[in-house]
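Before any questions on binding or motion, here is one chain by itself as structure tokens, the form predicted on its own.
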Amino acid sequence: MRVLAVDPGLTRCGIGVVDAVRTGRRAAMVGVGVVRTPATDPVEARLLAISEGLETWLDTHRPDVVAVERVFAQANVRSVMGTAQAAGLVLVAAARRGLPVAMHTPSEVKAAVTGDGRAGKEQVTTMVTRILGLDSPPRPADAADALALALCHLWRGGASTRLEAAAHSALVTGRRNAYAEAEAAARRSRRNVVVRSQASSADSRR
């Protein structure tokens, strides 16, 4: 399973892609990066830049699931609004591709990677570097957080993701079947109209 995880933010949006390796708690990093936007740009321009960056990552890496850090209320309302806006872009991009989305809290991610739900950023970065066997710590912290989120989902959300993917597939199949049935009914209706029309025409000639 391939997970593309996003640590949403308006100034820095961390993105990490991780593959599950065979079974168990093993994983391999596929890619990591940060989409940045200048604080001096208008909000709409910054959101557009983030959206385009996300689209590129999704098209390039073709994940099986998208994981997003759940947004919590903070004292800084402006900051949390920007984070929520960026998270919304992730949800829309995933929905457009029919990808299941999972959301995990920061404490869930920290606990999954370090064993401590209150771990600091440096501790998270150290453990991500060690788990993925990286030569150097991913920087900035937003990139490390995205990888930690991907690992968290692989270990804690893999089973639910497979169920969601199966349900989505069933839903799509059901829609296709319903569409096919509707088309067949429409064809039968058109044939009936033609038959009735021909019958009426024959009667009038008599």
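Just count from 1 along the sequence shown to find any residue number. Keep in mind that what you see is a predicted model, and the values were worked out from it rather than measured.
Omitted here: the form predicted together with another copy of the chain. The next part is about that form.
Figure note: of the listed segments 43 to 51, 57 to 65, 30 to 38, 146 to 154, the one touching another copy of the chain in the predicted bound form, with heavy atoms no more than 4.5 Å away, is 43 to 51. Note on the partner interface in the predicted bound form: the residue among Arg118, Arg130, Arg96, Lys121 having a heavy atom within 4.5 angstroms of another copy of the chain is Arg96. Using a 4.5 angstroms threshold between heavy atoms, Gln85 counts as touching another copy of the chain in the predicted bound form.
Interface residue remark: Leu91 is counted as part of the site for another copy of the chain in the predicted bound form, having a heavy atom within 4.5 Å. Although the partner is absent here, Ala111 sits far enough away that none of its heavy atoms falls within 4.5 Å of another copy of the chain in the predicted bound form. Residue contact check for Leu134: none of its heavy atoms lie within 4.5 Å of another copy of the chain in the predicted bound form. In the predicted bound form, another copy of the chain lies within 4.5 angstroms of at least one heavy atom of each of the following residues of 100 to 122: Val101, Met103, in sequence order.
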